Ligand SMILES: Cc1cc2nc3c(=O)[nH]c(=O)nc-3n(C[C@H](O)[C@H](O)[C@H](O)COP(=O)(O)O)c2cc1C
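Given next, in structure tokens, is a single chain: the form predicted alone.
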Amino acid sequence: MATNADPIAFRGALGSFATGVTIVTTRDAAGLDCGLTANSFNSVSLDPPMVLWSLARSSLSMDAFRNAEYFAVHILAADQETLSNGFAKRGADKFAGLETERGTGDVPLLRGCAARFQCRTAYQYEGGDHVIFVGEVIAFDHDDRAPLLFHGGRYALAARRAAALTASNDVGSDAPGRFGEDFIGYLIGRAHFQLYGRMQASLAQHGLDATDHFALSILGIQDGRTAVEIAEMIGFTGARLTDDRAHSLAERGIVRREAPSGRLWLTAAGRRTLIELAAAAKAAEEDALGAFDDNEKALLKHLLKHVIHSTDPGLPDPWATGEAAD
């Protein structure tokens, strides 16, 4: 395993996690290996490379991860379902019979995974009944293997549950002339605003609004973009990063504005702010999807990606590399 700061390679490794399963490992204060199955993995930043995941406060592994300087995230391959089930068991000797490697901080590394990320614990945030861990990726490797996903009848199960829920809530929304509550635009729109509403306190704490957050998120994906480029990439939101707004962010030390190009770069304070907002967003997601099982979560994200793809008007891809990344 070799350290690789190349953002393109890092993005490729992150791509192994579609809507799949991870195992997170560390080594506790007594020198014992510790690990568990988690599906709360997300990327935070490409430069520097950072990821996050969350752990329930009730977990027996909480103290180990709270006090760990390093941990490793493993994106499981399609043939590792048994491994996933083993690490999901509470209190079991999860490493019994496994051949492991050793990473930074003597953290155990599992073999045969689609991708592995060795991380230094950078931040810990309170997320309701979970703690959110943000890790700076110090090394990773990526194998060209299909990731472990929900499969077969699992999709069908989630679809049947969705159909049953729709039927149980049917209140005659198809009446002539009525705006149907099953209209996908209404459903997605309301879900977005209610979910984003959970973040308002965090945004207000930093003196930001949704447009600021959209803009900073674009810079978190790739720094060094102009206000015009950012405005094009967040065009789907109806928001626009004006020159005055960019100037205000620069005056507050959140971004640095390069002259004469006008390109914007996150400052250290701005990057920390973005990470804190990412943690708040993840906590809101965990809360919103708390009643869903793993397969329903995966199906929801899978279907939303299809909607986004089918309605895309051809806006620029925020993850595409360009001159600003050179």
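Sequential numbering from 1, following the sequence displayed. Only a predicted model underlies this, so the values are computations on that prediction, with no experimental measurement involved.
Note that the form predicted in complex with this ligand isn't included here; everything after this is about it.
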(message) Check residue 288 for me: does it contact this ligand in the predicted bound form (non-hydrogen atoms, 4.5 angstroms)?
(response) no
(request) With heavy atoms only and a cut-off of 4.5 Å, decide whether residue 283 touches this ligand in the predicted bound form. (result) no
(message) With the partner left out here, check for me: in the predicted bound form, does some heavy atom of residue 59 sit within 4.5 Å of this ligand?
(response) yes
(message) Whether residue 54 contacts this ligand in the predicted bound form should be assessed with a 4.5 Å heavy atom distance threshold; does it?
(response) yes
(message) Looking at 36, 299, 275, 50 here, can you tell me which has any non-hydrogen atom within 4.5 angstroms of this ligand in the predicted bound form?
(response) 36
(message) Between 213, 142, 206, 130, only one gets a heavy atom within 4.5 angstroms of this ligand in the predicted bound form; which residue is that?
(response) 130
(message) Using a 4.5 Å heavy atom cut-off, which of 107 to 115, 87 to 95, 237 to 245, 67 to 75 contacts this ligand in the predicted bound form?
(response) 87 to 95
(message) in the predicted bound form, the Cα separation between residue 81 and residue 302 changes by 3 Å or more relative to the shown form; did it shrink or grow?
(response) closer
(message) Closer or farther: the C-alpha atoms of residue 217 and residue 56 in the predicted bound form, versus the form shown, with a change of 3 angstroms or more?
(response) farther
